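The data below hold one chain only, encoded as structure tokens and taken in the form predicted alone.
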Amino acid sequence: MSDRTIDRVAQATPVRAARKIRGLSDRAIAWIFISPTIFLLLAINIFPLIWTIKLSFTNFKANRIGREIKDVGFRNYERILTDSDTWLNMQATAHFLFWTIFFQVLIGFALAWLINKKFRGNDLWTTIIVLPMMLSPAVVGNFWKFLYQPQIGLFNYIIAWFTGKDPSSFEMLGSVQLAPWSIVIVDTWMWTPFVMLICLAGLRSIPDYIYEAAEVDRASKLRQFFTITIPMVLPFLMLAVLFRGIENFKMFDLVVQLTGGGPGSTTELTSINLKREAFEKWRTGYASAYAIILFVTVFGLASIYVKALNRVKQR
């Protein structure tokens, strides 16, 4: 902004307003600038959370607005925590969460370690590997649903080529045993590149002189890997686990596209069950209590995990 423009703005400012602005401290001016953002955060995040907590203690149903709302105390929370179906959904979520994180960290770190080795076509392969995470979950879900088709799907033919079984003899999405693994495979395919990028950033942050000093001390490549590479990349790995853990705990769209929670309730994650309680059964108060339980679970586990992450960083 030029001096002439500043002078024009100053001249156009009313005298009373100019005196008030001059009398404000830097702290007050800072609060004036950030107050709209704080207001939006309160309106978008804090108010809905408080309203959800309030509804969780009632029998409110969103499809019956005129119905009398009664306070039921902790009955909704008690019914959720004593419902066997809730724990089955938690078990399905835990299975999905553990195996997706396990495979994504394992494969993601291996790919990052390979990409970190400079070779011909390095940038091209990095771009190809990263492509899946750029796609929409709806696109990925429909794409893999087609691949899983027992008659025409490519996935069944690849498995049949290795095992010798008839491609139409098994169905990934329709089998109680295979459906949970089908969603694990798709999520791993889609989000392993994200973990790879985080691990690659960690690998490239390690100074070369540390490896040079280790070579002077005649440390083998294997020892360098376990005493230098793993400890220095560990905070990045833990950060990737945190991000993917939070995202997969609330996974919804990809699983809905693939299985819809079926067969039966085999792949019905907590997020899908929450949606059914809120928008199919219209038990809004019950669903609000369910949402609060999930929020407290994620927030509590994430807080403990972040403390562990900070301890690893301080070592």
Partner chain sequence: MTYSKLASASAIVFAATTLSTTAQAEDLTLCWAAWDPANALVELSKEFETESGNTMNFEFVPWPNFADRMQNELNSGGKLCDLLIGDSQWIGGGAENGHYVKLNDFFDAESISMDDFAPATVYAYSTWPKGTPNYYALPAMGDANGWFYRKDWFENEDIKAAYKEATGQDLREPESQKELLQIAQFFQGREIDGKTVYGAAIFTERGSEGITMGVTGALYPWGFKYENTPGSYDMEGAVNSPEAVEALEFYKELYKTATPPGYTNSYMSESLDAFKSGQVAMAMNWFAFFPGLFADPNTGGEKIDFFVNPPQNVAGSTLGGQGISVVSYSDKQDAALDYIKWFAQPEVQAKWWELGGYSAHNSVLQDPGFVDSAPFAGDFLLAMNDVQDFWQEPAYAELLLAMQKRIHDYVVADQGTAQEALDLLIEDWTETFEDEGKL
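Treat the numbers as computed from the prediction; the structure is a model and nothing was measured. Residue numbers count along the first chain shown, from 1.
The protein also exists as the form predicted together with its partner chain; that form is not presented, and the subsequent description refers to it.
Does residue 227 make contact with its partner chain in the model of the complex, using a 4.5 Å heavy atom cut-off?
Answer no; every heavy atom of residue 227 is more than 4.5 Å from its partner chain in the model of the complex.
Can you work out whether residue 248 and its partner chain are in contact in the model of the complex, taking contact to mean some heavy atom pair no more than 4.5 Å apart?
Residue 248 lies outside the contact set for its partner chain.
Find out whether any non-hydrogen atom of residue 266 is located within 4.5 angstroms of its partner chain in the model of the complex, and reply yes or no.
Residue 266 belongs to the contact set for its partner chain.
Report yes if any heavy atom of residue 275 sits within 4.5 Å of a heavy atom of its partner chain in the model of the complex; otherwise report no.
Yes, residue 275 is a contact residue.
Answer range among 134-142, 116-124, 100-108, 75-83 for contact with its partner chain, defined in the model of the complex as heavy atoms within 4.5 Å:
After filtering at 4.5 Å, what remains is 75-83.
From the list 213, 176, 154, 222, which entry has a heavy atom within 4.5 Å of its partner chain in the model of the complex?
The option sitting close enough to the partner is 176.
Can you tell me which residues in 266-293 come within 4.5 angstroms of its partner chain in the model of the complex, by heavy atoms?
266, 268, 275, 276, 279, 280, 281, 282, 283 sit within 4.5 Å of the partner.
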